[in-house]
Structures are given as structure tokens and as C-alpha cells.
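Same protein, same chain, two forms; see structure 1 and structure 2 below, as C-alpha cells.
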Structure 1
């Protein structure tokens, strides 16, 4: 049976978020024969740019275009989606700040099941979906069985599925605006005020191709010297996880994560970082991830391309020395 799968697309300044292609991969894991429809809300020419971009990857793109959606709030968008989405469909939403606000109420309005923060899918049997979630900051993986026979709204953790860049879409954009605003625009109690950009410090890590990122495994502020030496040897910049900023060992502008900076390096080295969702959520663009941690159960190893179980205080000086030798 071919299932109806819908993916809500996050976008900014006329460009779809990296999670858009991850939604294609997630849908394929749910059902390889699924017909996936992208749902995009916004206003004007920037919205059209996102729709055209999405059309190359999705079977169909549903557009909701209205000036009230120039900055989308879940309070206004949710009743619009209820008017156009089928009650027995599978709805995928990125598990970011917006998705966590949108999805629970949407599942209630659609009278559908709700499955938050999924990191993997392991098949559908007799109307029940077997999914994988992570508990205790990623230390434990749990298998969740959800009855999706009446539909389901799923938030998918960014970075859990490798982006599908095959560009197999049919390029068909459908304007769903008349249906979505039937009866008038929804009234919302929240209104957009402004975007406050994060301060950029002496180094803008959002522009770095190579990031050497350090976590609580460094143990002491004085030990940061070996991190800076490694970054210099690799031709990269130093970044960090939140505990390092909380300890005031590095400035906030160097923090990677959902409460810090979103980065898109080519190479990301995670040193003594456990790899919670809040940290990994700041990684975009599928970088090559190298993780070094003395705990073999650290969640960072689940997203790492290369994982090394060792104490960073012992490993890093040797690695730096070897890199400098190779450089001559």
C-alpha cells in the first residue's frame, strides 16, 4: 500500500533548511514506495524559490502563500494545515524549536497519534510503526510501537537521516492557499517582533571549514591550550559545547548547538563531547565528524564518521605532533 507522507519544510531567506532532504530520507525509511509531499508556508517570491527548490526532491509541493506567513508562527499555521492535510496521513516535522511547538497541537487537531523526536524507523506492520528514540541524553535507545492507522504526526531529529540528494522529484507545485485560509485567516495571540542575530566574536565559527570542538572532557581551563594547538595544526578554529561556555572558559560565540551557533563545516572534530541532541542540533550540511571520547557509549559516536575511544588529554597531543610531522 502506498502511504501518504507529508513533510513540513523549514526555510529562511528563500532557501530550504538542510532538514528538507533529511525528510525525504526519513520518508523512504518509513516506506520505500511512499509518495512524499512537501508542505511549505510563507509569503512572496522567497516562498516561490523554496517551492521550486523542493520540487526537485519531492513528488509534489503544497504551497501556502499569504503575507501573514512572512514570519510563520505555529499558532497561525496549525489551523491552516488542519484544513488541507488528510486525517490518516503521516506528517513529518523537523524536531527543532518550531517543530516542537507545531506538532503536538497538530496531532490533536487531526486526531492522530504523536511520535516526538524519532531518530530511526524500523518498519510498519499491521498499522503499527516501530520507531527508535533516545533517552537519558542519548545513553539509551528505546523502541517505540505507535498505532498509525488513524494517522500520525512525527517530529524527526535533525541529522538522524542522511540527506537524500538524488533529486527524484516531479516538479509539481500546487497552490493550497485558498483551501488553507477558507473562512478567513486564523487569529493569533503571538506576533513577530524582530530577529536578533547572535553576536560574532573574534572568530566566526559559522564560516569555518574545519572546527575543533571541545567539551567537558577537557576537565580544566588550562588544558584548552592543547585544543588551540590542534586547531592551529589542522588549519581550523576552536568551538565548544555548552559546559565550556557555562564555565566561562570560551565565549558564547564559539558554542555549537541549539542554544548556540549553527555551523556547516566540512570537518567537525568533537573532543570530549557527549553529543546530546542540543549539541548535534547545531551541525548542518553533513560534515565529516570525528569523535574522541573515553566513554564508548557517548551518543556522539552515533553520528560520527570516525570514532575513537580514548582520553583526549592523552590522544590530542600525540595527534597534534603527528599532524605537524606530516606537514614537515
Structure 2
């Protein structure tokens, strides 16, 4: 029997998210014979453009079109998905801020297994799916076995599958709206109010060619001085990972990553940054990445072009001094 795989498509302003084509690839890796259906929810004409776009890559597109989804929230969407999805299907959702909100509860409501943050699939045998996850900020990996015989909801880590651009879709769009709203709209115990945009800071790191980025390895607020000095010597700007912003040592507008800025410098220095996918997810346009970390096993060395294993507190001041000498 052909397996049914569903991929939930995140979209904005009428355009599907990068994760849409990554899920085509993920579904293919999961089961190359599976029939893969895109599920797209929203409202109006922008939704139709996303559906048409998805139709070129998926066997089928299920559309849920309702004014209550003009801004899609998981508390409104989840009960609708429960009504339309089959009980024993495989449902893929990107492991991002939306997937984290939607998917765990969806698995409970569908009475399906839950496999969070998968980075690879290694086959299905006897109703059991073997997958790869990472733990402890990517320091170690694990194989996990999930019983999918009664269905499974899987969140897929953004960036772990290479987008499938082959566009082998068959192009049907099926309107599932009537079925999805059969139960009526949810009572509204969680009401969306508005979006508050991020504050703009004093520098715009999205425009910088050279970023000197600092992470928790800096250990102490006072040590930030050496980072500012290096950035000045190089003629770049200072950016950072999230813990530096959480500690209020630098403003939020300097945070690189999925919940911060997406940057596209020529050169990116990652100093005392472990390299989680949420951080690296903010790096675009293939910058030349130099990582300095005291742990040779830090995952950042997987994405960097050049690595130096050292204590940044010792190394950075020497580097700055040498650059300054050079510049005279």
C-alpha cells in the first residue's frame, strides 16, 4: 500500500517558506514511494498563489481557506487538521517557531506518535521508522526508533534536507475547507491580537560585510571589550548569539539567528559560539566563516570554512594587536 505523507507548508505574503521544498526531500528520504500531499492553510488570493506554487512540487495540495486563518495560529488550525488528516498518516511539520507551537499538541489529538526535530531518516521496517536526532546543542547524535503504525507527527529541522527543486508535482489542489470547519470554529480561548515588530537598533548588521560575532564563550560582560576592539581593527560590526542578548549585554538587533537577524556578510567570525541550527540559520549568502572555539568538537566547526581551537580570551587580544600593527 502506498504510504500517505503530509507536509505542512508555512508561507508568508503569498510565498511558500524555504522549508516547503526541504520537506519534499525529507518525504522522499522517508519513503521514496510515498504519495506526498502538501497542506496549506490561510485565506484569500495569497493562499491560492501558495497552493499553485506547491502544486508543482507535490502530488496533491490540500487547501484550507477561511477568514479565521488570515493570520494562521496553531490554536485555530490544530482542530481543523485533526478533522481532515487520516488517523495513521505521516505528518511533517518544520521544526521552527510555528511547528513547535502546533505539532506536539497535534500528535496528542491525532493519537499519533511524535518525533521531534528529526535531521535524517534511515528507513521504515515493520512499522518502525529509524531516524536521526541531535542532542545537547549538536554535540552528540542519536538514532531513534518510532512506532508509526498508528500514525506519526514529525517535526523536521530546517536546513537538514536539501531542497528538492525537481518540481515533479501533479498539480491538483483539493479544497478541504468544508471538512476542516465541520466542527465549527474553536471557541476562542486563545485570541490573536497583533504582531509587534522587533525594535530597530543602532547598527543594521544585515548590511555589514564583516561581522565579529560573539557567543557565551566570552564568559563575562567585561570581556566584550576585546570583541569591540577586534571589530574595530577589522573594520566590521559586532553581532552575537542569543545568550548574549538574553543577558542584556548587547541589544537584540545584534542577534544572529532564526529569532534574530538574517545576515549575509562576506566574512563571519564566530567567537565562542557552539553553532546550533537556530544560530547558523541566520547566516545566508555563503559567507567565509571563521570559528574560534576552545572545544575541538563544537558543531560550529562543521559549518565553518576555517577553525581555530583556542581560548578566545587569549587569542583575540593577540589577533587584534597584530592586525593593528599591520595597519600601522
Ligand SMILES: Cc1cc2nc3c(=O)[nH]c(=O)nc-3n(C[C@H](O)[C@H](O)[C@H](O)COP(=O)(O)OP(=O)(O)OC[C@H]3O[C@@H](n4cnc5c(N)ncnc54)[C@H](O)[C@@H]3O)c2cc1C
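Positions refer to the first chain, counted from 1. Note that the coordinates shown come from a computational prediction; the quantities given were computed from them, not determined experimentally. In this text, rigid core is short for the largest set of C-alphas that superpose within 1.5 Å between two forms.
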Of structures 1 and 2, the one that is the form predicted alone: 1
Rigid core superposed: residue 274 CA moves 2 Å or more between the two structures: yes
Residue shift check between the two structures, rigid core fit, residue 55 Cα at least 2 Å: no
Flag for residue 177, CA shift 2 Å or larger between the two structures after aligning core: no
After superposing on the core, C-alpha shift for residue 308 between the two structures in angstrom: 8.9
Displacement in Å of the C-alpha of residue 191 between the two structures, rigid core kept as reference: 2.9
